[in-house]
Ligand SMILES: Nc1ncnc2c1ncn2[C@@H]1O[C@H](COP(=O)(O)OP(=O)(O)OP(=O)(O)O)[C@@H](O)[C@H]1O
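Listed next as structure tokens is one chain, alone, in the form predicted alone.
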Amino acid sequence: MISPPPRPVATKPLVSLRNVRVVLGGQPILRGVTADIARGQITALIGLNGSGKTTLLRTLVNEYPHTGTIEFHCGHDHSQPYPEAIGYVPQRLTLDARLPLTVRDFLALTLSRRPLFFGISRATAQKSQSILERVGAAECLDVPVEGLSGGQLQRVLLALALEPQPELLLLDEPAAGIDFKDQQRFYDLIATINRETGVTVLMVSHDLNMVRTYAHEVMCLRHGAIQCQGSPAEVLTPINLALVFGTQLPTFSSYNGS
């Protein structure tokens, strides 16, 4: 098992949330979230299904209306009160199987405003190749999207999320549905990108061993509010995990409690 990453020296947070509340369909989902997302670190967001984890990520990209305040402390030029870019990798991607898109086509639709029936420009083709190489997925370029493995699809989505270079990268259970070896490779890739670029990462994960190994910070969400926050050593204790997961903790069998 890889040793946990060293915790970077504390700096001003990239994002501050204060009493953030979200109501969807008349039901309160986030109930006063107050937390700081540490700049340049990997923060893992854990909690039971239905605790509001995905809602929190989607609120950060302005998909859901909210009350309270979400403050981005600066952009790339250190003068804007919001990030220049936020990359987002969803938990799953739903595509119409009747559309026989290759990865090349899929990337072109996202990277270029040029209609696909006009063909893919040389610049877009080169950009597609480049961003896939960055995440170790260059071999996927001409593979049909529906034919990608879970690990390959997540790398393609990550490649898109990293273009242009984001300041905040949001990952919603990025390794769900991927076999164990590919999960480790994927998290290794995230850790490398974080280390080399300094991008701030907020990821939802149900795998507590992966959280302990790769995260610098852990936020526990329960019933739409932050239950606890700190380093993995501080947070992943039997008492905290019992408070967050209750009797359902045994379903997280990958955590060995050590």
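Just so it is clear, the structure is predicted and the values come from calculations on it, not from any experiment. From 1 onward, residues are counted along the sequence shown.
One more form of this protein should be noted, the form predicted in complex with the named molecule, which is absent from this view; the next part is about it.
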Does residue 43 reach the named molecule in the predicted complex if we count a contact as any heavy atom within 4.5 Å? no
Is residue 229 close to the named molecule in the predicted complex, meaning a heavy atom pair under 4.5 Å apart or at it? no
Tell me, yes or no, whether residue 48 is in contact with the named molecule in the predicted complex, where a contact means a heavy atom of each within 4.5 Å. yes
Going by a heavy atom distance of 4.5 Å, is residue 91 a contact of the named molecule in the predicted complex? yes
Indicate whether the candidate residues 29, 52 and 173 are all in contact with the named molecule in the predicted complex, with contact defined as any heavy atom within 4.5 Å. yes
Which of these residues, 39, 206, 66, 222, gets a heavy atom within 4.5 Å of the named molecule in the predicted complex? 206
Mind telling me which stretch in 207-215, 191-199, 31-39, 54-62 gets its heavy atoms within 4.5 Å of the named molecule in the predicted complex? 54-62
